[in-house]
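One chain is shown next in structure tokens, namely the form predicted alone.
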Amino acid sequence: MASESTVFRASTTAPVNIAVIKYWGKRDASLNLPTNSSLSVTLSQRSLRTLTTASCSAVYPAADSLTLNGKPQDIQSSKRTLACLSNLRSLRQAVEAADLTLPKLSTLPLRIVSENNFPTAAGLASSAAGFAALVRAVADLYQLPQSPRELSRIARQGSGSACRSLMGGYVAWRSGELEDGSDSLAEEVAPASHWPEMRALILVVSAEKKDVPSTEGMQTTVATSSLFATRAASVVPERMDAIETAIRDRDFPAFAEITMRDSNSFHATCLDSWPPIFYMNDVSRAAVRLVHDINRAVGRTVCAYTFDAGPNAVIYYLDEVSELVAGTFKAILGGTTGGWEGPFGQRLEKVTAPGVSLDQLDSRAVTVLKDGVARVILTSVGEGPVSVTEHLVSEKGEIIIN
């Protein structure tokens, strides 16, 4: 039996996703509606995840609060966060109206505490994982019946790509056509179990915040890039069809080429913006050169790069060529670079020589990469949000500092 001092809690972990067909540009900024559809790979939470506890209680101060990585956030100035919470409260009110015996959680102030195990705002889709975890945790707290697909409409309003982090595997965000955004939502193209061999090596070039935030960058590109309209209208729709076919067929060479071409296309529109926007740097370009060198040396496409709005390279490959691809990067960077250990590093533990001889690689790119990568993250395709019993708020409502 709940009392006035009861603290209601629910905790969720949510994954990072990395788009292979990029979301860039909005047809409606207030509703976070994209100009084009996108597709991503959900990454394993064994490597990257956000943990969020949503709690509510009558003993809390009247205003909702959010704490991220130990720091209080100004939730009232975040229209996106407020929109998500308002939508979730409305759904809870409907549940309470249908069953008058339920506690009126929708009337109680929320205390939300969230922690990332990766750098925030460094090109690692932290906002996607963060808003997905927030929406899923509050939905669990409110015991909402909505499916992940239905909840993706809400997460989209917090961060566009967050809608894709509500599901595992290979996820499409359909841009939709309706003005109210009701058909702009995420759907699973294939579960992680369909193509579980997919691996990703993330080269963390910089943990610093981006020079140009994504939202600002999008607005500049939409307003000033002559390449952008063509990309949104014709290039992306064709690539969406092609990459969904590649995923269904587990055709890595096709998946890889589409992924690399779309990353290049996205960054070309950034460069074509006025003034130009640079998310990639010399280290990023060295990674691009080395991926092409590896593929050429092997004589087939075994790896692919993609870059979001940041300098970090995400390199996709299949588990069977781990030694060939990741082993080559390990030989370049050295085993002392952090991140080679962990569940996805087992195949590399005994690697002592590069999978591709370094004399077959661009020596300048090797030097630039060796000096410019802070750490690596080894991961794979993974599952969507998971409800957990690890809470960041105590039974008494106190924030737990890990």
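Keep in mind it's a predicted model, so treat the numbers as computed, not measured. The numbering used is simple: start at 1 and walk along the sequence shown.
The form predicted together with a further copy of the same chain is left out here; the points below concern that form.
- Contact annotation: Arg174 falls outside 4.5 Å of a further copy of the same chain in the predicted complex, judged by heavy atom distances.
- In the predicted complex, at least one heavy atom of Ser226 sits within 4.5 Å of a further copy of the same chain.
- Although the partner is absent from this view, Gln93 stays clear of a further copy of the same chain in the predicted complex, with no non-hydrogen atom inside 4.5 angstroms.
- The closest non-hydrogen atom of Lys350 lies beyond 4.5 Å of a further copy of the same chain in the predicted complex.
- Shown alone, this chain has one stretch from 339-347, 59-67, 359-367, 25-33 that lies within 4.5 Å of a further copy of the same chain in the predicted complex by heavy atoms: 359-367.
- For the options Ala242, Leu324, Ala331, Met280, the residue carrying a heavy atom within 4.5 angstroms of a further copy of the same chain in the predicted complex is Met280.
- Only one of Ser106, Asn116, Ser265, Ser214 lies close to a further copy of the same chain in the predicted complex, with a heavy atom inside 4.5 Å, and it is Ser265.
- Each of Met260, Pro275 and Arg285 comes within 4.5 Å of a further copy of the same chain in the predicted complex, counting any heavy atom.
- Counting a residue when any of its non-hydrogen atoms is within 4.5 Å of a further copy of the same chain in the predicted complex, there are no hits in 51-79.
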